[in-house]
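Let's start with one chain on its own, the form predicted alone, as structure tokens.
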Amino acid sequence: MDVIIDEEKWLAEGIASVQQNAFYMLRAVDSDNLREALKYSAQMLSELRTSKLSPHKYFELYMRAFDELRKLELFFKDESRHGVHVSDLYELVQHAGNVLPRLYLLCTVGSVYMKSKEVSCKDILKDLVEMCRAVQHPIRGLFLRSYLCQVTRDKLPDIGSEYKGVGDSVLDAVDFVLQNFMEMNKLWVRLQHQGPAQVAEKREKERNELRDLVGKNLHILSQIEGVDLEMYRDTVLPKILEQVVNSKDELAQHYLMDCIIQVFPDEYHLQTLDILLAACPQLQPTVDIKTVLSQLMERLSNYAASSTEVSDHSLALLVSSFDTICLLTMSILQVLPEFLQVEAFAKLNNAIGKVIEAQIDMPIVGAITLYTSLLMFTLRVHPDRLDYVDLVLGACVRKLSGKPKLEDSRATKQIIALLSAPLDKYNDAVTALTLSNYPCIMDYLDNDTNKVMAMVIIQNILKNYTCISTADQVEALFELIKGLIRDIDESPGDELDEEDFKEEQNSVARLIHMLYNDDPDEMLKIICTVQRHIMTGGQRRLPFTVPPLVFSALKVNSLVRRLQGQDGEADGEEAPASPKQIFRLMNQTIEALSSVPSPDLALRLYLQCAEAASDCDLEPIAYEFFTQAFILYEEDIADSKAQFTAIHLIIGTLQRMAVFGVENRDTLTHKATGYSAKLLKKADQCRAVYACSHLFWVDEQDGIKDGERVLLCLKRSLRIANAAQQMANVTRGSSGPVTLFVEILNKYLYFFEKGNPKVTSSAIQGLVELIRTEMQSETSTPDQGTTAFFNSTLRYIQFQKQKGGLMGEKYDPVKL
């Protein structure tokens, strides 16, 4: 804290002195008094000799002096005011007492001297850059040379420059900037050795603040029009890299390599890749080379992308749709020859290998980051070269070989980026499945990250509606996402958050629906492959993965129907795909689900398969599925609510099926009515029994119109409803609402309108009167819902009576 206060004090004193001397200097300028102006300007610049200020504070002081020097330069330009020729003035300022003020004044006059064009610019530049060697203090020397850059940058002998005189060349400008850069870099590197070792961290921070002063030289070099590719390759780049490598300083090497990449044109980098990359292994082991190379590859990738924008637009006008990789190939025709000519991929791949080999202590995350950047470069520049993509993945596998599964979060994040890149580029997971090294990399991920990557793959498939159409592709895909299909390394699955687990398994379920092939044999292979994988998933996963597999198989129902003619009794493995094979496979799959246990779900799937078998006219198979459903109902479904739901599902499914003969149908309907009457709650019994009436009257099927058994079911449901009323009266002192009676009345009306001769108007009349009597009974519990339901039913009857016609005549005997 004391040091900060002292610095503020010293800075304030320095600024005050600069302002005071600047005041007297400007007064002398206004009086055209050159001697006094030089005197006070030298005194003002003497404040820059301080060693007490940090670079940040020194910069504030420097900028105050810089602003005043610009005013002094205007005075020097006007010879008519001070009466001294610029050449004599150039000699005169060298008589200043202290070297630092002398050199600032010399640079200022040198700028004016070059503008006069009375002397060759290269001589002045050479003189100034050599004279500045006199200041070897790092901070003071850096700011002095920065001032030299600033005042000379617009006067360098360049192509088209007014200051390029006879004998001057672009090379003179390049030599000047390079020499100034080298001297500044030496001063910058030397700064780390100033002061005691205890403040080394502070010095590094100060050096970091000064880096842009050094980098400004490279920016100026990149702005020189005369620096063409040949000069850059033969002169500029080798000298810069020589200085970078020889500095042997981590901060300097990293920053200057970054500067080279950022300031010079991309086409220059492309044509000088071998020179630039050769320097990388020579850098200090502590240099963050992965960032440097990643930026280089990103620049080159962007260059390739920007060069294709025009051609992409032209192609869009010519073609409306095209194969993904072919279109990408066409769009890079203009720039690809350059990359192929210089063998950019091979050089980058080789350089990365050498860097990783040279930096033995490079953490694994650094190597993976480099390969990720190389892969991104490959995908943008050579999207059609899947062999290049696989080559990068293979190099990454070799780097990871022999190492345990990655636990470093930064490394796993880079692996996910590496594996996601091909998916994002091609929008086609099938392309990733063709890469032999893709699954090898996933093996090095820990279980949690493996699941994350598996989710990325699945989401990509779902987002792009990618159809996986062969059993081999399914096999490869399920190997990639095995972390979601089963527990890896015996890891307990229940440690995962329940919501996350459900999200993962639902994604797998959605994925299964994306597996399809019109060829029945291939589709059967796909189903078998999926079944083999999901059967290893354990009890928690099967309820999520079995249903989509069953429905995915049943999606080929129309295909199954076409195959009926081919269906034989051959059960061999080489027999062509047949409905029997598919249903047999489904039966085995659902059996596994029923043992989870998840009997409710298994029952639903059995009934779904039974209906599909009915559509294929396979009575034995449909009967077997129904048998399995009844066995589940008897043995595994004990909850009364679940039983009620299950019996309604059974009744509904059986009612829709037309495949059964008389004997099988009687057996199944008998079972269904029997189970309906054995439900625990009387209300459930009643509703299930009257639902059974639909099993004996089906409009769509000739012959299933047994009015006697329909009436039997309805009368039985009435008896059960009456028993429920009496039981309620005994237990609660009131009979409760008459909702069941109203529901049965609606069933009577349904069958009455359908033409069941056993359901007569007198029966309806009697039921209406019964309901009214029950509702008016003292033991009945009033219920607005039931009353509204009954009144609505009566209005419907009245409507039918008033409508007239045959239906009106039928309802006419009913008196309301």
Partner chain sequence: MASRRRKLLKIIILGDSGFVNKKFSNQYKATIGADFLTKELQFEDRLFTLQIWDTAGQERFQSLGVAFYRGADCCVLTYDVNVMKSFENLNRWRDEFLLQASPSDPDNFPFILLGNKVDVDNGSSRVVSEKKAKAWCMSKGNIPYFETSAKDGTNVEEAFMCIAKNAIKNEPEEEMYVPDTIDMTNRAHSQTSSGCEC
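Model, not experiment: these values are computed from the prediction. Numbering follows the first chain given and starts at 1.
Another form, the form predicted together with the partner chain, is not on view; read the next lines as being about it.
Novice: In the predicted bound form, does every one of 71, 255 and 299 come within 4.5 Å of the partner chain, counting any heavy atom?
Specialist: Judged in the predicted bound form, 71, 255 and 299 all sit within 4.5 Å of the partner chain.
Novice: With the partner chain left out of view, choose which of 282, 223, 595, 286 has a non-hydrogen atom within 4.5 angstroms of it in the predicted bound form.
Specialist: Comparing distances to the partner chain in the predicted bound form, the residue within 4.5 Å is 223.
Novice: Of these, 756, 786, 33, 50, which has a heavy atom no more than 4.5 Å from the partner chain in the predicted bound form?
Specialist: Spelling it out, the residue with a heavy atom inside the cut-off is 50.
Novice: Does any heavy atom of residue 20 come within 4.5 Å of a heavy atom of the partner chain in the predicted bound form?
Specialist: It does: once the partner chain is placed as it appears in the predicted bound form, residue 20 has a heavy atom within 4.5 Å of it.
Novice: Find out whether any non-hydrogen atom of residue 470 is located within 4.5 angstroms of the partner chain in the predicted bound form, and reply yes or no.
Specialist: No - in the predicted bound form, heavy atoms of residue 470 and the partner chain never come within 4.5 Å of each other.
Novice: Would you please decide whether residue 478 lies within 4.5 angstroms of the partner chain in the predicted bound form, comparing each non-hydrogen atom pair?
Specialist: Residue 478: no contact with the partner chain in the predicted bound form.
Novice: Looking at the partner-bound form in the predicted bound form, is residue 67 within 4.5 Å of the partner chain by any heavy atom?
Specialist: Result yes; residue 67 sits at the interface with the partner chain in the predicted bound form.
Novice: Look at the stretches 457-465, 422-430, 263-271, 380-388 and give the one with heavy atoms within 4.5 Å of the partner chain in the predicted bound form.
Specialist: Only one stretch qualifies here: 263-271.
Novice: Heavy atom within 4.5 Å of the partner chain in the predicted bound form: which residues of 204-243 meet that condition, in order?
Specialist: Those in contact are 208, 209, 210, 211, 212, 213, 215, 216, 219, 222, 223, 225.
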